[in-house]
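Starting off, we have a lone chain in the form predicted alone, written out as structure tokens.
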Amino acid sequence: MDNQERQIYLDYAATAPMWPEAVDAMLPFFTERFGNPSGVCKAAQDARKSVETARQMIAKALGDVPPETIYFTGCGTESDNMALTGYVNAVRSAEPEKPIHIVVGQIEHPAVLETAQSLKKQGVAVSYAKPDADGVITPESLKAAMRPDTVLVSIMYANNVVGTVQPVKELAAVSHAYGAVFHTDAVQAFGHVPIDPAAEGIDLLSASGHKFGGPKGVGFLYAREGLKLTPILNGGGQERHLRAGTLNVPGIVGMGEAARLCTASMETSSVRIAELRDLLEQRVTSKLPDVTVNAKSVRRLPGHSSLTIPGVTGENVVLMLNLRGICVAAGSACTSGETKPSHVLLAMGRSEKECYATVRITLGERTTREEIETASQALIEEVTKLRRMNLG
């Protein structure tokens, strides 16, 4: 048995293993059911029917929104780009002289932050809503960033670094009071907590299949009925002329099945996973009382734990645990190759030293109590060893 088979995987925020049922659902579409859903022959019709079934599954997972409000994309990043750039360009097209201002959270994923910066270079005014010490963007914080010319607000549903779940319904209400559209990056949240766009006032929502047990390379955008977006890709008329390109039929089918499975198991699995997370934190802090659990006092995703461990670096802890076959992260997977401190933790008021001393541990559907007991003990031992060697 190799190290890959023996590992304890606790980095679900980076990606999740696929549901076996989702894999099985995908397989026929690589071989005997390979039709292009944009065609007219029987093979194409079969593929198109399967795509629409997946669309209905995802719509149902979002509180039974109309299926035609779901648009398939290549990933969560593309979905975020479609939402922000697509809406801003639609406003520009309708009112060329209108001044445009958008608000994004300081703790957004780079897919949103970099898109906002790109829009800024095109003349869009950008403001940033600041989180509190627990990573929560309050309605008051959002109001402070709003202006009369604000057309769009983008606040992530749940944070990828510390797991904080935002008060989305209240934030959407603030946005609408100023006449702005509300977008949420729900890449970390979809499939893990209930989301109802109609009830919460969400106009645009982005998600990615591989975060909830679907395949990589596929995502979706929810856009409420009647909302105008400008395509960001030029090409054919796929996805009702909003997203050009041949659809990834196997990926869409797998993502739809994963969405169905997550919805069916969410109530029980979220309780179980949160209990395991709490067990991990209790065991670690009982032996290492100077460890801080970030955002512990607010609502978090059930599987997220962010630990600031004085006297060590998160990078060294990750490396030492990896040698023991335990996979955790020092920060967001999308910035793991960089040496700069987490912009999320900095925005929450943490020092650079605290940022570098932080480890992210994220649990999921396959995580067991035995794994948490093993991992927590290994973490305690490796931190103690690093401190003793003064190799934090």
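This structure is a prediction, so every number in the text was calculated from the model and none was measured. Numbering starts at 1 and follows the sequence shown.
Below: the form predicted in complex with ligand PLP, not depicted.
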Exercise. S175: heavy atom within 4.5 Å of ligand PLP in the model of the complex?
Worked result: no
For this session: Determine whether any heavy atom of S154 comes within 4.5 Å of a heavy atom of ligand PLP in the model of the complex, and answer yes or no.
Result: no
Exercise. Hey, in the model of the complex, is N160 touching ligand PLP, heavy atoms inside 4.5 Å?
Worked result: yes
For this session: Find out whether any non-hydrogen atom of C75 is located within 4.5 angstroms of ligand PLP in the model of the complex, and reply yes or no.
Result: yes
For this session: Consider the chain as shown here, without its partner, and state which of V103, A83, A258, V187 has a heavy atom within 4.5 Å of ligand PLP in the model of the complex.
Result: V187
Seminar exercise, completed: In this chain shown alone, the residue from R300, H210, R277, H192 with a heavy atom within 4.5 Å of ligand PLP in the model of the complex is H210
For this session: Heavy atoms, 4.5 Å, ligand PLP in the model of the complex: which of 290-298, 238-246, 313-321, 106-114 makes the cut? Say which one.
Result: 106-114
